[in-house]
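Taking the form predicted on its own, here's one chain by itself in structure tokens.
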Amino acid sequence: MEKLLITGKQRLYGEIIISGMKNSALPIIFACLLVPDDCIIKNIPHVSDVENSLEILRSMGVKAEFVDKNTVLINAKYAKNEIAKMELVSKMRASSYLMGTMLSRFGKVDISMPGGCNFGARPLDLHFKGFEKMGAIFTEKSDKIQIKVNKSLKCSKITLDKISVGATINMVLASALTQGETIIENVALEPHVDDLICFLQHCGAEIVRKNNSIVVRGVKRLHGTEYTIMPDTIEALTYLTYLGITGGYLNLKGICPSHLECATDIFLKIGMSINFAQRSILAKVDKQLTGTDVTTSPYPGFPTDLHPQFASLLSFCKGGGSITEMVFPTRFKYVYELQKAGVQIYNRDNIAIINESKPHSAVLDATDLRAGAGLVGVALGAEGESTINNVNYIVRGYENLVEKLSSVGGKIKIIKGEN
């Protein structure tokens, strides 16, 4: 079992190249199941969720292989409607996208309940309601899901009960090859939803976003393409929280500045200096930042996936602050871990209240991907040497985290621990 060993109080200076967005890569990888030709996908991050998604496709008879460090070739011409590596489905939430692609390709889905980070129920009801609108029949037994159609999916008007990235993506995937016009309303606005749409358009899909609606005119066939994944918004914002904790400067390269506007105004508000360029930002911190209160909400609001990292940053800010969680209200398992490091934090209902603190070294346990990233932040700013267990959570979503932080002055390394 690997662990992270971090020595705190090291300022960060230098350049970090931001990787491709995991949250774009996963739906696009599974979307390739709809394409019977070669798809070459570039800027793929080398993280465990990507490896697992490719292995799931291989277990279905799909050709899926890295042709260089960050480029994969996928050909689903001979895909089978059977997942041999079903145990991988329960390890990642994004495996739910197989429901849309398999239903569209084969007319039937037999799948285990998708897994992923465990910070509260994230029900699939919105997905099932959408599929039912398209003529599918859903049944659930224990942790098994079956969805099927008698003949083929039908076009429909689908209004999501609430904004959901996952449900939006699944409806797009299911309707890309469904004859007629499908209208999906109250959709998610996240950039990685548009990245999926752009990829499918490159493959010949007819999809148009109209404000909070997406209109899909089903085509008979999709063709292969070459496509580059957009940069990872949450990775870039995570490194900004680390800079806010340690001080120094970072040049984040290979990013899309407009995608960061969901949070950069907050970083400017608390005192960080940020200069934008076409594909990079230069951020500096030479004084203690001032705390603030934030509320998470769907894009373009403050992202829930930055919640734990920003909580760690607030503990180093003058006056502290609070985070009101409106997307996943039970996302607070990280609170106890921060308390172990001396952070004065507590949560009431869906609000985390963080006081200005002087964190110290501790042995910490990552409870999910973003919580783990938050623990890295507090360890970078704490006095002494901290250990973070459950590294597998963190490597699910951050490519070369140790190497990137080490290259800009962070004292961090992976060590082998006892099983």
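Start at 1 and count along the sequence shown; that's the residue number. Please read all numbers here as calculations on a predicted model, not as lab measurements.
The discussion below concerns the form predicted together with a small molecule, not included here.
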Could you check which residue among R93, K333, K253, K108 gets a heavy atom within 4.5 Å of the small molecule in the predicted complex?
-> R93
I183, I266, V149, V165: which sits within 4.5 Å of the small molecule in the predicted complex by any heavy atom?
-> V165
215-223, 197-205, 93-101, 244-252: which one contacts the small molecule in the predicted complex at 4.5 Å, heavy atom to heavy atom?
-> 93-101
When you measure heavy atoms, are I270, I345 and N355 every one within 4.5 angstroms of the small molecule in the predicted complex?
-> no
Does E337 make contact with the small molecule in the predicted complex, using a 4.5 Å heavy atom cut-off?
-> no
Is S19 one of the residues lying within 4.5 Å of the small molecule in the predicted complex, judged by heavy atom distances?
-> no
4.5 Å heavy atom contact, M230 to the small molecule in the predicted complex | no
Spell out, yes or no, whether the shortest heavy atom distance between D125 and the small molecule in the predicted complex is within 4.5 Å.
-> yes
